[in-house]
Ligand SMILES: Cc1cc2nc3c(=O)[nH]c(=O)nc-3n(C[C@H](O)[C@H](O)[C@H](O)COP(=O)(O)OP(=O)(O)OC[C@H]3O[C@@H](n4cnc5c(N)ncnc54)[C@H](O)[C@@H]3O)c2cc1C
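Below sits a lone chain in structure tokens, taken as the form predicted alone.
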Amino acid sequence: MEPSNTRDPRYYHRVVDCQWACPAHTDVPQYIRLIAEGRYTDAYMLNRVSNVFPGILGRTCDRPCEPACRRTRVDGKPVAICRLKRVTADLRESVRHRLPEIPAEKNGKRIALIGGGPASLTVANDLMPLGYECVLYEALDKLGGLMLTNIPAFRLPVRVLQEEIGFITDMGVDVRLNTRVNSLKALVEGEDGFDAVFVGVGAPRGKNLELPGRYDSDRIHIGIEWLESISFQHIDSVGERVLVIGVGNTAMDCCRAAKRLGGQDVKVMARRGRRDFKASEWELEDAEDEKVEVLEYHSPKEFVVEEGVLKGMKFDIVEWYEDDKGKQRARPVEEVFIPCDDVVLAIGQDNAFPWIERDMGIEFNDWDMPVVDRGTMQCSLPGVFFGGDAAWGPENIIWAVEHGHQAAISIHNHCQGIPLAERPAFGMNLISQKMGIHEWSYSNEYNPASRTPMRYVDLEERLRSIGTEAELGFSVEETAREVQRCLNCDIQTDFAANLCIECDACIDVCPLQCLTITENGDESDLRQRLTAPAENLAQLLFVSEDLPQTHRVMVKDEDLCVHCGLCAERCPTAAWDMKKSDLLIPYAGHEKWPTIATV
């Protein structure tokens, strides 16, 4: 294998599993260390650079970082990254004086943003400090998009949503509420003189369930529309017996909302088994803690309505099997009737673009979705960009934020005459953490503490009101305990081959057997010849340059390393050092980074 290029920012970025897994590349280890030092405001601001909404995402993120967390390979449970993010929002001081300054003199470019959700807000957040004029069109009388209408207040308090949205709109965004865009052509070709348009309208149409009896009662609801009606206080009650059809996160919000609106017997109905549920594990746990019953292998068959009154639903209990082509199929075993007063359909969301004319040069695919370049976020009509759920269907908030960042880069390029494909590069600082012979500037001791459980408001009290936030958040003491579980994966074992004397001291002291000095070879061969075979192909192998003594190579399995620093402490020649890799993330207006700094 060729020597690993650890001066390429992407190399160490991939080693920091949590940051690599985060769509917005949030610097998780660094903000956790700031929390450990009690620097909550600094940690919040570091979060805000990449994910824009620390308080919102600290409560609602789908947490792609946590399954990737290296701690799961040690004790099975990831660091509570998302809940620590919330800590930065809960315990910080005022940050308004630390927000980007907005130039009084604009650059002459005007950008239209359609939809007031996280993607459009992120675009405004990135472009306003560069002197752009941003005009945001929102059909409702409040901003937030599906963060407002589809995430109930018991998960996301309105005050948190409004404050973080306000940080962006107070930059001077021209917000036009109660203004529905009915024609994209009129906006693009109109007299307002927009230099670019960003579409961030989400996926606003809930999927229906066309079964007998569907339109015979007004007690059958579309999930996202029902949650929106609750959010705007158009609905404040529900029947005692509620069936929620679907097993995604929206279904979990629906069933938990039903419990707070008077539902006593609330059931979630699933066609498949639990391992195939789309809902996040913690969302499902919260629902079941609130006495929601989950019934597996129930396939909806019919709504039973008598004289306009919903009586219940018929279901086929099904078993799943694999057909001769390897495809999963369901076959009914028996039919059951389950009584109910209300049914909430939470089986997915679709996009809806009736307001985009099909003769203006925007290509649509077979699913009636605009064809959007995943790198630039531009559709086939130059100057028109998409992001969030409007681009490729329902995803999560952190993906919408990253779409917004990339779209802002593209809009800036478009307006400045720079080719959209010329993306600003990632940079990196790489700085030694050595403080003394056996002392580092980070805590390298392994803490065996188990994951800190979340505290909740008493069940009876939290179900009394839909506005009572269910989670209490971590206390200062709980926070201090949880941050110690982080393994500091951005503190890298940085190796200088020319200093190695092949004494094997590092190999002897490594607690995870992740180091090997051996003859070079191809990757599949090397992976099997290591002290411990490297079986996780998704993780890198570090391969050094030839060692000066024998021309063998130092090989390290990045998958096993817990960044304890023992190799660097033991090395008599300082061939190993512990260096913090700081990923420099490019945003709109950052055309290039200075030369990589290494110390």
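As the structure is a prediction and not an experimental result, all values here were calculated from the model. One-based numbering along the sequence shown.
As for the form predicted together with this ligand, it is not shown, yet the points below apply to it.
- Task: Establish, in the predicted complex, whether G58, D286 and T452 all lie within 4.5 Å of this ligand, using non-hydrogen atoms for the distance.
- Result: No, the whole trio is out of contact, none within 4.5 Å by any heavy atom.
- Query: Does E164 reach this ligand in the predicted complex, with heavy atoms at most 4.5 Å apart?
  - Reply: So E164 does not count as contacting this ligand.
- Is the gap between E395 and this ligand in the predicted complex 4.5 Å or less for some heavy atom pair? Contact with this ligand, yes.
- Using heavy atoms and a 4.5 Å limit, would one call A139 a contact residue for this ligand in the predicted complex? Because a heavy atom of A139 falls inside 4.5 Å of this ligand in the predicted complex, the answer is yes.
- Task: Answer yes if any heavy atom of T179 is within 4.5 Å of a heavy atom of this ligand in the predicted complex; otherwise answer no.
- Result: Contact with this ligand, yes.
- Of these, G200, P78, G246, G263, which has a heavy atom no more than 4.5 Å from this ligand in the predicted complex? By the 4.5 Å heavy-atom cutoff, the listed residue in contact is G200.
- Among the candidate residues C415, M171, I466, I151, which is the single one with a non-hydrogen atom no more than 4.5 Å from this ligand in the predicted complex? Going through each option in turn, the one that passes is I151.
- Query: Looking at 316-324, 201-209, 127-135, 421-429, which lies within 4.5 angstroms of this ligand in the predicted complex, counting heavy atoms?
  - Reply: Of the options, only 201-209 has residues within 4.5 Å of the partner.
- Residues in 454-481 close to this ligand in the predicted complex, defined by a heavy atom within 4.5 Å, in order: Contacting residues: none.
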